[in-house]
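So this first bit is one chain, no partners, the form predicted alone, shown in structure tokens.
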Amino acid sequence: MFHLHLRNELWKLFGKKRTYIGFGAFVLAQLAMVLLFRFTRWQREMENLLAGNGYLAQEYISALTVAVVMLLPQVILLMPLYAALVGGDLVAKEAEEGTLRMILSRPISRFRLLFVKWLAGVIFSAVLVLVLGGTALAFARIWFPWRGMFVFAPGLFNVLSADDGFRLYLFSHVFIAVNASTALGLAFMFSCFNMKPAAATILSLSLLFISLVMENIPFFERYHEWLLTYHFRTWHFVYAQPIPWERMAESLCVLLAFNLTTFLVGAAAFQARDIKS
């Protein structure tokens, strides 16, 4: 029965047109970014950066390099937006439409109902990240060759072979999926309260935006470990040499604990709501 319930939630989730807004936005954003990289000074500036560090630009301006360049802003800005958009709908939308009253009239616990909805949201987050990474690499491969990989981010500079770069590219998406599920889980928690779907989405995005702003203020540098977006950058370190496993494990534990906390807080709030009356 659990399998059937989960399948039904996934069918409802992926049957909504609103679910696919993020997929379409990613395709448009990546198409625009790859064209800008190809036909503006962006590519020349990266070639100069490589040359200034003693590397041949033609060996590392590749599909893998451009794919990671496109992922950097989207993982921070766009991905949380569309994950939160779906997370805010999971419970609040059905409560608004009145379908939760019918569902809860059946012999099913509220905790199981929420857990299945949350699990469907996690699966959506994984699919969203898979599409994000796959389309980024596909668009980059159209315009750029399959060669070595160059990764440049705050505190990170590394060059890799094509095989090693591709393996790390796939591995990094595990951590990006955790980021997406965290953003979705935050919106899911607010949707369990008595509020509109838009309010749940806006509240979660506001907290993430405040965290991002505080992270970039020098005064709060000593408090970075307390900011959620600081731990969102864990996927960068997959490309470091050597990989800082302790730092990554710490951030991963924080994100998983935050996911568990938001689910339990949302479940407690939902248990106290009077929906059937």
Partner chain sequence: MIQLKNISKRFGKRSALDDLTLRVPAGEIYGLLGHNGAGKSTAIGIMLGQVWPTAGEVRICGFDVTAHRRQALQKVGAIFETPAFYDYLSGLRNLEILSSYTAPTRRRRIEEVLEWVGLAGRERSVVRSYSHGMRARLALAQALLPGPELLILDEPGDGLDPEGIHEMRQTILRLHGELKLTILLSSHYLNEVEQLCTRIAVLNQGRMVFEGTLAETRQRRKWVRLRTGDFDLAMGELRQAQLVTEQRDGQLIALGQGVGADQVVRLLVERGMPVYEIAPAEETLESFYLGLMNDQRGGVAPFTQPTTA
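Residue numbers count along the first chain shown, from 1. As the structure is a computational prediction, the values presented were derived from the model and not from experiment.
Another form, the form predicted in complex with the partner chain, is not on view; read the next lines as being about it.
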Query raised in the report: in the predicted bound form, does each residue in the set 81, 155 and 251 place a non-hydrogen atom within 4.5 angstroms of the partner chain?
Result: no
Query raised in the report: Does residue 161 reach the partner chain in the predicted bound form, with heavy atoms at most 4.5 Å apart?
Result: no
Query raised in the report: Do residue 102 and the partner chain come within 4.5 Å of each other in the predicted bound form, heavy atoms counted?
Result: yes
Requested in this report: Decide whether residue 72 counts as a contact residue for the partner chain in the predicted bound form under a heavy atom distance cut-off of 4.5 Å.
Outcome: no
Requested in this report: Using the partner position in the predicted bound form, report whether residue 89 sits within 4.5 Å of the partner chain, counting heavy atoms only.
Outcome: no
Query raised in the report: Counting only non-hydrogen atoms, which stretch in 91-99, 167-175, 133-141, 202-210 is within 4.5 Å of the partner chain in the predicted bound form?
Result: 91-99
Query raised in the report: Among 128, 113, 120, 85, which has any heavy atom within 4.5 Å of the partner chain in the predicted bound form?
Result: 113
Query raised in the report: Since the partner is left out here, which residues of 1-21 would have a heavy atom within 4.5 Å of the partner chain in the predicted bound form?
Result: 1, 4, 5, 7, 8, 9, 11, 12, 15, 16
